[in-house]
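In structure tokens, the next block holds one chain alone, the form predicted alone.
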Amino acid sequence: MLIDCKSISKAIDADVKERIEKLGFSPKLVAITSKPDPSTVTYLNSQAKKAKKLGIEFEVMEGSTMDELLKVISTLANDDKVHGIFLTHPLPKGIDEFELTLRIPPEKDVEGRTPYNLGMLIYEKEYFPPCTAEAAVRILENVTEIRGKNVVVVGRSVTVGKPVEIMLLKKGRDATVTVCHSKTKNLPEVTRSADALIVAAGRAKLITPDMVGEGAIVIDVGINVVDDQLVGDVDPEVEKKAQLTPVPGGVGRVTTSLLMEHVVRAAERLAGKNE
């Protein structure tokens, strides 16, 4: 059975619209990019469409060199009319992504990639968690009671695997979490034992039906292009024995909605209407 991520996204969008009305002004999100490839351009176009739909100002700024990008970030960091800064990735060779991330003010880091916001997760302060990791958790919360569940995470990236593990361990969620990666032995044995499985490995159809327990919940974070089609890290056949998020239209849809929610949260804080 496919998990209805569209309804989750719509609920977030409705809340965002209501909060923008209360703000009395349109929050602004700026995406920073450098020599974007076609997939990045497509992603930016989808962000622009979503922002316009919700009433959020959206702008794209581009830099070709490290110095240019640093200047762009510095300008945006000091602009009170900009509430969220989004850095596209991957970036071209010669561009130090980590150094750029360090320059983004945590209060405008709506994608949750600065060391500050990632570090806050350790203290169970979800100021701005990484959007994709938060999307996986939000979907899981909508489908089941997480407390006490055995959750297996496949992948250990900074943007998904590691933060989602920390978020699931947070008091109140209280999941028992196992993290797997490329060096994990007997992966199928581990994944079959999971009540819920979050897959963010970046390998098309890595998880096959025989690797999933009957009735499990499977959150497919993967986006891969195979024969000019988007496919996830999970074989679609898994749907026949488990609850599965679709690709496309699953985690990515919720991630985009949460990014916009973060922009509104940043604007609320600047306006003194939130904690």
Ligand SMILES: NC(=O)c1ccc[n+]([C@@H]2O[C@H](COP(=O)([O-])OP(=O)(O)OC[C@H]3O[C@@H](n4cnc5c(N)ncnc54)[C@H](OP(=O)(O)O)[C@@H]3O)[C@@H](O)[C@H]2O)c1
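Fair warning: this is a prediction, and the values are worked out from it, not measured in the lab. Start at 1 and count along the sequence shown; that's the residue number.
Beyond what is shown, the protein has a form predicted together with the named molecule; the following relates to that form.
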Which of Thr88, Thr101, Thr178, Thr159 has a heavy atom within 4.5 Å of the named molecule in the model of the complex? Thr159
Exactly one of Met61, Ala48, Ala242, Leu206 comes within 4.5 Å of the named molecule in the model of the complex through a heavy atom, and that residue is Leu206
Taking heavy atoms and a 4.5 Å cut-off, does Val251 contact the named molecule in the model of the complex? yes
Is Ser26 near the named molecule? Define near as a heavy atom within 4.5 Å, in the model of the complex. no
Find out whether any non-hydrogen atom of Lys183 is located within 4.5 angstroms of the named molecule in the model of the complex, and reply yes or no. yes
Considering only heavy atoms, tell me if Ile223 and the named molecule come within 4.5 Å of each other in the model of the complex. yes
Using a 4.5 Å heavy atom cut-off, which of 90-98, 67-75, 165-173, 194-202 contacts the named molecule in the model of the complex? 194-202
Thinking of Gly155, Leu187 and Thr255 as the candidate spot, does the named molecule come within 4.5 Å of a heavy atom on all of them in the model of the complex? yes
